[in-house]
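Encoded as structure tokens, the following chain is the form predicted on its own, with no partner shown.
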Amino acid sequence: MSTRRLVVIGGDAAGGSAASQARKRQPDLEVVMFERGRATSYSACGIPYWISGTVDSEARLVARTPEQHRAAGIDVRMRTEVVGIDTDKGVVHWRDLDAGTEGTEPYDDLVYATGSVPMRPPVEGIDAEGVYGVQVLDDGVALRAELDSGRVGKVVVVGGGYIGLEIAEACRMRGLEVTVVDKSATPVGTFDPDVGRFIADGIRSEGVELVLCDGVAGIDVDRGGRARAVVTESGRELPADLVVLGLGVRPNVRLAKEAGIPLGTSGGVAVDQRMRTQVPGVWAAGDCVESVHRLSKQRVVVALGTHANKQGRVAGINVGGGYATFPGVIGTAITKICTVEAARTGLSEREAEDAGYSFVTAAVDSTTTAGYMPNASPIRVKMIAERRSGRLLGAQVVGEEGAAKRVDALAICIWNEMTVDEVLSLDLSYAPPFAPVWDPVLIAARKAFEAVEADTRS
């Protein structure tokens, strides 16, 4: 009986987790993992903090090196890109990016974990020198080298989402002039506008210029072909020594599409709860796949390392002969920009409307600790609850130090389909250095419950 062979395309969170779990459960399984970059199993989310200097070494972002994977029995092929998949023959075609050699590798099972690629608007100058995307660790290395060169004084960040604002903070911490351009009226469009305005005020207070309700029309270049300014749709010219694209990402599904591996309605690879695609023997996990949103029931692509690791683990367990499922997502996310912490879970107002819910909202302003404590800082908690039933559908938290991680308690409540009345009764911890006697979560739940009751009576 021949030994089974697993091929994994992509060596970061999802791919590395899948390879490790499968090999752990079947020690005689041959595992080959292809990675086109120079690192495996690293924290892409940590790149802005290495760029800022908060993290002192690139190596600290790497959770497991190629050598560590190899010591666990995984044949890691670095700087090797898979350029084609033949699902009928059960082989992948690869190219060594340094040596230029090519070849094929057979598989019995295949895990497709190609991640995502940065969004690049189709405008003039987008491919000029001095324009950077930040998606993989190699991107961070290139951007860090540019910032260390000493020739950058002004940075324009295109896109006011999570990664764009985190890069803006990193550049600001390095003493650079930073401008963020975004089409939306408030940054981080997954938050409701009233919470987004709170975020915008905090960012501006740290010296970052926000240019909102204005998209990018083009990037002006100098005679040498290097970016010198960002031109907005309103005609404004923003001088730049460096341009960073922070417009979000899309699933990297080109290989899957070419191989006939079906995509879902969201644009990600379609998988079931066990991370199986619709092609026998082919699994997929990470930023390239779609997930089920537990509240909206819609198919969504959520590019987060948390989900990628879990999905890779599930795929690996199943490939290795075990049984595991990925139960879906609820849209929990958190970020910190300068002194502002912001987090969300569940549905925003717009998302709740799109999903067909009728709902009420409640928002409260409080402090992170007892108001008389010297470290008390402002916090706003917003809740969205279903009409009549009072089921918690979504929550958003924004404030300063000690604010955002409160979202985790609310994520648990949403995951378990609790009502705001039940949230109000939670036995949350209390001590003056950590919370007021009525935690802001409980105050918001009380106000949301009152809104539900008033709506029911009307």
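Nothing here was measured: the structure is a model prediction, and the numbers come from that model. Residue numbers run from 1 along the displayed sequence. C-alpha atoms forming the largest set that superposes within 1.5 Å between two forms make up the rigid core.
The same protein also exists as the form predicted together with another copy of the chain; that form is not shown, yet it is the one meant from here on.
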| Is residue 251 close to another copy of the chain in the predicted bound form, meaning a heavy atom pair under 4.5 Å apart or at it? | no
| Could you tell me if residue 341 has a non-hydrogen atom within 4.5 Å of another copy of the chain in the predicted bound form? | yes
| Might residue 406 be said to contact another copy of the chain in the predicted bound form, defining contact as any heavy atom within 4.5 Å? | yes
| task | Mark residue 336 yes when one of its heavy atoms lies within 4.5 Å of a heavy atom of another copy of the chain in the predicted bound form, and no otherwise. | result | yes
| Is another copy of the chain in the predicted bound form near all of 307, 424 and 446, within 4.5 Å of a heavy atom of each? | yes
| Out of 66-74, 408-416, 28-36, 386-394, where are the residues with a heavy atom within 4.5 Å of another copy of the chain in the predicted bound form? | 408-416
| query | Does anything in 52-76 come within 4.5 Å of another copy of the chain in the predicted bound form by heavy atoms, and if so which residues, in order? | reply | 54, 55, 60, 61
| Comparing between this form and the one not shown on the rigid core: C-alpha of residue 59 shifted by 2 Å or more? | no
| Yes/no, residue 433 Cα shift of 2 Å or more between this form and the one not shown with rigid core fixed | yes
